[in-house]
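Quick heads-up: the C-alpha cells below are two forms of one chain, split into structure 1 and structure 2.
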Structure 1
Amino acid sequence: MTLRIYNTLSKQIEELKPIDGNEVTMYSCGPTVYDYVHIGNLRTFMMADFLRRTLLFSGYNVKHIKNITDVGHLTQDDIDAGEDKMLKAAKRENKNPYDIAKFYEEAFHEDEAKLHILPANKFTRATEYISQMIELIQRLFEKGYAYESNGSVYYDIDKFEGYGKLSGNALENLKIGARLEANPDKKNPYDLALWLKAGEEHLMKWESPWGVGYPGWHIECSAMSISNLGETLDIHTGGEDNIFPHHENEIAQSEGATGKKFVNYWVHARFLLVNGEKMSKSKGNFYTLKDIENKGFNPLAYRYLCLTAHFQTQMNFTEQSLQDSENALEKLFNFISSIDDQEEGKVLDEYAKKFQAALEDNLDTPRAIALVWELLKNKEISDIDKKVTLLKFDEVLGLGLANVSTIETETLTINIASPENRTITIRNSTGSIISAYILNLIQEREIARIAKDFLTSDRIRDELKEKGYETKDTPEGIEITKIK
C-alpha cells in the first residue's frame, strides 16, 4: 500500500513517491520561540506527527527536521516590516533574546512531549545556520536574483518565473496588494528581504558581506532544510498561513539558488478556530496546553480531538469538544486497563489493513478513530485481541495506550496544615495525569470541610464529579477515584 496525500502545489491528492526508495525526507516549520506556543500551533505540529507515524507504520524510514525560529521573524513579515519578534519579547520580559529563546524552546519541547509528538530527528535553530544562509544568499547573487540596498539584501521577485505557483498569488495580485508606504530600499515593494541591516537596538546580529545584520525569516527555512536534507525534499509541512508568503518565498529562494525543484509534496494543516476565527496570539483568543491542563484536562484529550478532525478541515475549538474527547479517551484507557496482560493476543490483520488504508487515504485520521470504536463494539472478537490490535494502532494514534496497562493505582498524600492532617488517597488506574488544577480542588475541598463550610465543599465535590472524580470521606481520610 502507498500513501496518497493532498499536495498544495498540484492541488491534488497524489501518490507519494519518495526520491530515495524507502527513505523519506521531511521538513516542518517549527515555532518562533518568543512566547508559549498555542494549541493551534500544536495542531499543525501534530498533523506532521500523524503523517510521520503513518509513514513509519507503512514501513518507510523518515528523516524529520523541525526548525526553531529564534531570530528574524518580524511582526509584519508579509511586508518585511515591524519589529523582530524575539527583540520585542526580550523587551517585554527584560531579558536577553537568547534567554527568551532558550526558555520558550524548552517549553515547546515539553508541550510536544505531553502530546506524544515524536521528537524530530534534529531540531535546527536559525541562529546556528547563519553561515549557510549567507552562502545561499551569495548563490542568489550569482544567479542574479539578489540585490543589495542600503546594507540590506532583497530578492527580485520579478526575476523568478514560477512565483505564485504554490499559493496562486500571482505577481499581478501582489503588485495591486503592495502597500504604498513601501520600503524605499526595495526595487519593487513586493520584493522579499533576505538579509536585513541591523540597527543599534538590535541584539541578535551577525557580520556578513553586506555589513552587520540578521537574516529574513524565509531564508532560514531554505538554508536549514537544504543543509540537512538536500536540494530537493520529499515533504514539507506547515500551517495554512505558511503557504503565502513563507513557503512561496522558500520556493523562490531555494529554486532560484539551486535550479532544482525544492519540494515534491507540500502538506498544510488548516487552522484551529475559536468562535469561527483563527486562534492567534495577536487576537488574544488562544489557549496554551497549560491552560487546558489547568482546567483539568489530560493533554492527550487534545491529541484525540485533533485525530477526530481531518487535517484539511478547519476545526473549531470548544471546551465541550475537548471534554467529549477526554471522555472517549478515558473509555479507551479503561478498556485497556481492564484486560489482563497474562493472556496472549494477536493483531487482527483485517483491522490493521483497514486502519492503514484509512491513514494512507490522505491521512484520514477520523476514519482511523471510527475504526477503533468499531473494533471495540465487535462482539465476535476476544478482548485480548482487541487490546493487542489497539496497541498496534497506537503506533500512529500515539495516545499512550501501552502505558495504561502498566499503571497501578496511584496513591498521593496531600498535607494540609491543620490538626486533621488526613491522607488523601487518589485511586487512578487510567494512566492519565492528575492535573495541578484537580489537586488544588481537592485541597480546597478539604480546607472547606475542616472549616465546616459544607456549601463550598459540596460545590467542589460536584465539580470534581463533573471532571470524572468520585469523592468519598472515610474515617482514615478521603478516597478519590477517577471514574471516567
Structure 2
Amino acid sequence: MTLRIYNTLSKQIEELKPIDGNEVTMYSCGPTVYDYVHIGNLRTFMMADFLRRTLLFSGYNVKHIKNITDVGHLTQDDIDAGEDKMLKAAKRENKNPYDIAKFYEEAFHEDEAKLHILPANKFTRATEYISQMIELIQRLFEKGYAYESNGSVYYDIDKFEGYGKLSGNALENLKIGARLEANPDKKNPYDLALWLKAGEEHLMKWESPWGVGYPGWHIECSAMSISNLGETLDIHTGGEDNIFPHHENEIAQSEGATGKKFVNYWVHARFLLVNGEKMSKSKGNFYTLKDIENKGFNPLAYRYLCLTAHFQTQMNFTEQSLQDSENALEKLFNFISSIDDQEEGKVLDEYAKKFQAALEDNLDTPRAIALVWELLKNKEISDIDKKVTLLKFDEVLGLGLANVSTIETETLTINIASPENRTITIRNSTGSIISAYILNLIQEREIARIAKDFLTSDRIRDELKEKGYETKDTPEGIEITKIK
C-alpha cells in the first residue's frame, strides 16, 4: 500500500514517492523556546507524529529532524522587525536568554513525552548551526540573491522567480497590497532578513563576514534541514501559520542557494479553535498541556481528541470534547486491562488492512479511530484477538495501550520516586478496575504529601473526587473506593 497525502505546494492529494526508495526524510518546524508551547502547537507536533508513525507502520524508514528555535524569531515576522522573542522572554523573566531556552526546551520535551510523541531522530538548536547559516548566506551572495546593507544582509525577493508558489502570496500581490513599513536598509520592504546587525545591548550575537549580528528566523530552518537531510527533502511539516511567511521564505532561500527543489511534500495542520474562537491570552482561552492536567485530565485524552479530527480541518477544543475523549480512553484502558495476557491471540488482518488504508488515505485518523470502536463492538471476534489487534493499531495511535497498569481487587505495592524512595500499598475497594492514570494521580499525591506540599496534595485529592474516587490513608497503606 502507498501513502497518499495532501501537499500544500500542489494543492492536491499526492502519492508519496520518496527520493531514496524506502527511506523518507522529514523535517518538522519545532518550538520557539521562549515560553510554554500551547495546545495548538502540540496539535501540529502530534500531526507530524501521526504521519511519522504511519510511515513506520507502512514499512518506511524515517529520518526525522525537528528544530529548536532558540534565537532570531522576531515578534513581527512578516517584516523582519520587532524584538527577538528570546530576548523579550529574558527581559520578562529577568534571566539569561540561554537559560530561558534551556528551561522551555525541557518543558517542551516533557510535554511531548506526556503525549507520547516520538522523539525526533535529532533535535537541532539554531544556536548550534550559526556557521552553517553563514555558509548558506554566502552561497546566496554568490548566486546574486543576497545583499548587504549597514551590517545586515537581506534577500532580494525580486530576483527569485516563483515566490508565493506555496502560499499563493505572489510577489505582485505583495507589491500591490504592501502595508510594510519602509526600512532604509532594504531595497524593497518585502525583502527578508538573512542576517541582522546586533547592537551593543543585544545579548545573542556572533561574528560574521558582515560584522557582529544574529540570523534571521527563516534562514535557520533552511540551514538546519539541508545540513541534516540534504538539499531536497521528502516531507516538511508545520502549522498553517508557518506557510507564510516562514515556509515561503525557506523555499526562496534554499532553492536560491542550491538551485534544486527544496521540499517535495509540504504537510500543514489547520488551526485549533477553543470554544469556536481563535485561542489568545487576552480572551482567557489560552491553554497549555499543564492547564489541561490542572483541570484533572489525562494528557493522552488530548492526544485521543486530536486523533478524532482530520489534520486538514480546524479542530474545536472544548472541555466537554476533552471529557468525552477521556471517557473513551478510559474504556480502552479498561478493556485492555481486563483481558488475560496468558491467552494467545492474533492480529486480525482484515482490520489491520482497513486501519492502514485509512491512515494511508491522507492520514484519515478519524476513520482509524472509528475502526477501533467497530472492532470492539464486533461480538464475533474473541477479546484476545481484539486486544492484540488494538495493540498493533496503537503503534500509530500512541495511546500507551501496551503499558496500561491497573489493579482489581488485590493490593498493589509501588515505589515512589521521592528522595526517601518510599513504597506505598494501594488497596482497591472499588470492586472494579482502576486505570493507570488514576494510579499515577495517587502516586503524585503521595509525593506531594512527602514533600509537605499540602496545596498540591489537596488539589489532587479533589481531582480524584471529581473523577469518582476517594482515597483514605490507613496504617496499611492507601485505600481507594468508588464514590460515584
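The term rigid core refers to the maximal set of C-alpha atoms that superpose within 1.5 Å between the two forms. Please note that residue numbering is based on structure 1, beginning with 1 at the start of its sequence. Everything quoted here is computed from the prediction, not taken from an experiment.
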Note to self: form predicted alone is structure 2
inquiry  = Core superposed first: is there a CA shift of 2 Å or greater at Asp49 between structures 1 and 2?
reply    = no
Cα displacement of Thr456 between structures 1 and 2 reaching 2 Å, rigid core superposed:
yes
Check your understanding: Superposing on the rigid core, is the CA of Asn275 displaced by 2 Å or more between structures 1 and 2?
Key -> yes
Aligning on the rigid core, one finds that Glu466 shifts at its CA between structures 1 and 2, in Å, by 4.7
The CA shift of Gln443 between structures 1 and 2, rigid core aligned, in angstrom, is 13.1
